[in-house]
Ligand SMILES: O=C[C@H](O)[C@@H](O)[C@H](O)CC(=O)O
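As a starting point, one isolated chain is supplied in structure tokens, in the form predicted on its own.
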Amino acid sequence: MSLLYQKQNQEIRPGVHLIQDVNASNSPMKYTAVKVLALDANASYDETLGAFEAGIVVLTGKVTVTADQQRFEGIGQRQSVFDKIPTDSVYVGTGLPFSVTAQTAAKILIAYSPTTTSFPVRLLKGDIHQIEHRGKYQNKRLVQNILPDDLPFADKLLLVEVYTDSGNWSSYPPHRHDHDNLPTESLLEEIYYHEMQPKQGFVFQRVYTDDHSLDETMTVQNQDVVIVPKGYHPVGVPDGYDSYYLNIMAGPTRVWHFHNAPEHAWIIDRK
């Protein structure tokens, strides 16, 4: 099964277009799933979660989210993900119904992870995001943490946005988090939702294991998804284009501890 899921554009109800839908029925992922929807102004999407928690990320536009008798009106902070403004999100606990209504044309990402542990519905405003500038030389990126492991608002889900400028590498040096070996390394699946600027651009992503039993290099285009069930997963951004991706991670324990590929770890220590 390919690790690359290309953009769809399927109208699943009036004014609601399905861009991505990756889940246990069409992937090997056990802890993570994702749905990306484009909504026309005034269009609505609703869903009732089973034994899953979910994070609804307002990628672009303004929406109203209703869940568990709470209503969050007019949330969303940007017209393009490349505005690089931390956006608003809503966490919805297991078993709850929710609805999203677009006040303007909008795009949302819904991240899922299976759990039977209940956490309360919570608005995650963009202004609580932890912002980081990582790397140097051609390994620089801007990180906006939506739901990191030090915010105890979820049972499994971790969510983060990453911006990588033209000619840089990201998720690099190559690292993995597929061994349940805490405190050294945690077992976390990962899903990448990608966008590029300009939209006709592409990036390269390689997913590989130490023994190369898995070794796939993909040309990833705008609004594609790459799944990382295991292995290292670096991203290379060609000259002339900028990269955005949103990472969804989850596993048995909600903590992000990773292992760098030893042969490439020297890159971190360059002066």
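Numbering starts at 1 and follows the sequence shown. Since this is a predicted model, take the numbers as computed values, not measurements.
There is also a form predicted in complex with the ligand; it is not shown, and the following applies to it.
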{"query": "Residue among 113, 170, 186, 87 with a heavy atom within 4.5 Å of the ligand in the predicted bound form", "finding": "170"}
{"query": "Listed range touching the ligand, judged in the predicted bound form by heavy atoms within 4.5 Å, from 133-141, 68-76, 113-121, 99-107", "finding": "133-141"}
{"query": "Close approach of residue 250 to the ligand in the predicted bound form, 4.5 Å, heavy atom", "finding": "no"}
{"query": "Heavy atom of residue 178 within 4.5 Å of the ligand in the predicted bound form", "finding": "no"}
{"query": "Proximity of residue 192 to the ligand in the predicted bound form, heavy atoms at 4.5 Å", "finding": "yes"}
{"query": "Residue 160 within 4.5 Å of the ligand in the predicted bound form, heavy atoms", "finding": "yes"}
{"query": "Triplet 35, 45 and 52 all within 4.5 Å of the ligand in the predicted bound form via a heavy atom", "finding": "no"}
